[in-house]
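Take a look at this one chain, the form predicted on its own, written out in structure tokens.
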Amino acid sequence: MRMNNVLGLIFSNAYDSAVPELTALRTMGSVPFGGRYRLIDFVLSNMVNCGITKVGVATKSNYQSLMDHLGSGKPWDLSRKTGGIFILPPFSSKDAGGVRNRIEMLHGCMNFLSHSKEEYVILTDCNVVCNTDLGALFDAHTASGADITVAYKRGVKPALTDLMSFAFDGSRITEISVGEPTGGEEAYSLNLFFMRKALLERLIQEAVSLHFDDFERDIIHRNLRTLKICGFEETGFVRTISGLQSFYDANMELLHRENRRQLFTPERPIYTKVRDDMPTIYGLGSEVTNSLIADGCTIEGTVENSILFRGVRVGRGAVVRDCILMQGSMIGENARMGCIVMDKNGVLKPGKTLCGDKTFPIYIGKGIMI
């Protein structure tokens, strides 16, 4: 299968409601992650690493920061005369309420789909952090003769109520359940679907004509007996963002070298928007252990087990432990903080103390001063 015969379609707003703290002013796709990335970087990189050259990014709301991040698509080699990256703004035929679900969003993208010459299409969300070999998925799809192939992971199912779990006969999915996690190991969906574009167009038109509104139940589950739906297991580092706690945990797991090796491989790099900045400055008496520090930071205090994005400043005598500090955050002299997720340009004044817990991190909003 030629990879340039595959169209990529990314839902940038999927599961925004799962992390309202981080998505109040941005899409799920533009949520910062890992010190320098955005969540959409992982799915975009997965696509371009396997040879996909045309990608549509479906948006619904709060997509200004996403557009600023993606730009012309040059960091992902998607600034092209033919193909490239396309921002698909919200469109709904409803009189009110706007785009409410995945089926309506796909229906709003029908013009983009119908005018694309690619034979296949891959659909994915932005809330899954992984480095997937999509070429292997395409090969498995062809070998199995499947109509639809769904990527899945075995483990404890994330706390998302509409996430599918599967039972198999070989690679073919025989049973689908949708609902709350059981707490045990399950084969749960990564919401990455691969199929022929013509099949997707037919399924969406049928769903709209029948007033269906749930992609998982009304399209995937409803056609389980009439279509051959197979699974593709992802065995590497995979984390699904289902809330602030899972976001915090997924970032903290990058402090383990083996997890970084699985996620950031030289064979399939993760690309992002490049911003040149000066190297991080470490002052006299500063101490940094087991942390990821982006460029442009100034560290004069102590940083332990933390992730600091670009331009963070930690004052003299300050102590930062088990924290995620996003771009432009400032920690005053002799301040102390632990288990905090601080959004962009947050400020903790000198001498202040702010602590959460690893099982209950505290979120500080964008531009908030404490």
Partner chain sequence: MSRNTECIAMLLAGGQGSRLGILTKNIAKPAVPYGGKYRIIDFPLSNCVNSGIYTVGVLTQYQPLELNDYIGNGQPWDLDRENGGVHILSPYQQIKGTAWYKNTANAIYQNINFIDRYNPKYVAILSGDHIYKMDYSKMLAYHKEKNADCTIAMLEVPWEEAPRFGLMIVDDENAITEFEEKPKNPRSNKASMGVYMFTWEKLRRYLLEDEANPASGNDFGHDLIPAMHAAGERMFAYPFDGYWKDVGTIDSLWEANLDLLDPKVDLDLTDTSWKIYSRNPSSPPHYISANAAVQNSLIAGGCEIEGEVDFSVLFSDVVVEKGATVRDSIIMPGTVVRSGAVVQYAIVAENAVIEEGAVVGERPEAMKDLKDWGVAVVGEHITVGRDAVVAPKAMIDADISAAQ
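Residue numbers count along the first chain shown, from 1. Note that the structure is a prediction, hence the values are computed from the model and not measured.
Unshown form predicted together with the partner chain; subsequent notes refer to it.
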### Message
Looking at heavy atoms inside 4.5 Å, which stretch does the partner chain contact in the predicted bound form, given the options 281-289, 237-245, 163-171, 82-90?
### Response
281-289
### Query
residue 267 near the partner chain in the predicted bound form, any heavy atom under 4.5 Å?
no
### Contact label in the predicted bound form: residue 271 to the partner chain, heavy atom within 4.5 Å
yes
### Message
My question is simply whether residue 154 lines the interface with the partner chain in the predicted bound form - judged by any non-hydrogen atom within 4.5 Å.
### Response
no
### Task
Flag residue 295 as yes or no: does it have a non-hydrogen atom within 4.5 angstroms of any non-hydrogen atom of the partner chain in the predicted bound form?
yes
### Heavy atom within 4.5 Å of the partner chain in the predicted bound form - the one residue of 69, 313, 344, 321 that qualifies
313
### Summary
In this chain shown alone, the residue from 225, 257, 211, 115 with a heavy atom within 4.5 Å of the partner chain in the predicted bound form is 257
## Note on the structure
Checked 20-42 against the partner chain in the predicted bound form; residues with a heavy atom within 4.5 Å, sequence order, are 34, 35, 36, 37
